[in-house]
Ligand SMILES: Cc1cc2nc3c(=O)[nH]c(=O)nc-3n(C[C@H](O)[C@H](O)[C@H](O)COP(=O)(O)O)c2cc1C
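Take a look at this single chain in structure tokens; it is the form predicted on its own.
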Amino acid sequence: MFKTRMTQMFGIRHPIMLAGMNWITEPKLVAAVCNAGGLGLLAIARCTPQETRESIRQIRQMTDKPFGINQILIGPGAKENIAVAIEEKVPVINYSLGKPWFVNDVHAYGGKVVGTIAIAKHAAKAVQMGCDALVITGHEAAAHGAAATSMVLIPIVASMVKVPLIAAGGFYDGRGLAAALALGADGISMGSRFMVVKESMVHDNFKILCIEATEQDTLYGNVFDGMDGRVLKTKEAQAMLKRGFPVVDAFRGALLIKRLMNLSFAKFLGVSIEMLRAEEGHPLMVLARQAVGNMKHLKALTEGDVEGGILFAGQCCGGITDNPTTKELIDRVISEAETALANMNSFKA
């Protein structure tokens, strides 16, 4: 059992966090991680405010442990979803891509704000804006790392800020946890590893694909959802790297987003027009690519379509070899980390 700034800040037993992954980190998996001693995050970017509220309350029915939500701050619904999380007094608010206007509101009820960064210079800015802790995402991660690897990025950020750091990108076992602690982090975030547990809703076809993949079987680029990210190597993922901007697919995907997020026609039309006017790299172009990626992501998750679907996954899939329960996985990671640190201590003269 490890006692770090992460476990102390969030009131959890183990310095392990479930990464927020849309459609994947649903109440069942979130609660399973919390009940096993980690910090579960509910991904709400794809939710309507009502769905967000219902999911938060479902989690509270399944666990009395601390948990959090994860929300990307660009795109429709972010302000409304954050407002719901604050009304529900969610203990941890984790965000990415944007400025957290809600820090004081979260602190008012004793909650914590956790920013996600992939570039070192953004760490100090996030702390200045009031973040209580940071998730540091390395290049090895699924979505969305930048150019620097975890090995390089974590110690650089650790030398810049004093808040607890949660290492993300490449972590799937106890050796990784021990390494993250040695690099200056206070715990780890796992996404791909938690996709392949019994409680995960990921289709068995893609769980098998993760288990069979090597560390070489991922593709990296900005075509999958408009931002730099990594997916498992599939036929469709390879084809997406070769295509230009998919106008027809973007429109279909935008309609899907309108339906899933219950947007009014006026709001949807306004966003759609701006998407068509946007230039590559504009946030609304990101939304258009996200719409395409969401369709293909759902095909993977719900239909298990290994030909036409894509699944965000990190390089650590090369080390994933089984499909345990969440508790079995967390207990194993902690045991492995203890062994790894004991072995390192044995090297002392």
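Just count from 1 along the sequence shown to find any residue number. Quick caveat: nothing in here was measured; it's all calculated off a predicted structure.
The following text describes the form predicted in complex with this ligand, which does not appear among the structures shown.
Proximity of A118 to this ligand in the predicted complex: non-hydrogen atoms within 4.5 Å are absent; the residue sits far from the partner. Among residues of the shown chain, L153 is not one whose heavy atoms approach this ligand to within 4.5 Å in the predicted complex. The closest non-hydrogen atom of G187 lies beyond 4.5 Å of this ligand in the predicted complex. Contact check for M21: a non-hydrogen atom falls within 4.5 Å of this ligand in the predicted complex. This chain is drawn without this ligand; in the predicted complex, the residue among I93, A179, A133, A143 with a heavy atom within 4.5 Å of it is A143. Per the 4.5 Å heavy atom criterion, this ligand in the predicted complex is contacted by stretch 312 to 320, the sole one of 312 to 320, 30 to 38, 48 to 56, 61 to 69. Contact residues in stretch 192 to 214 (any heavy atom within 4.5 Å of this ligand, taken in the predicted complex) are S192, M195.
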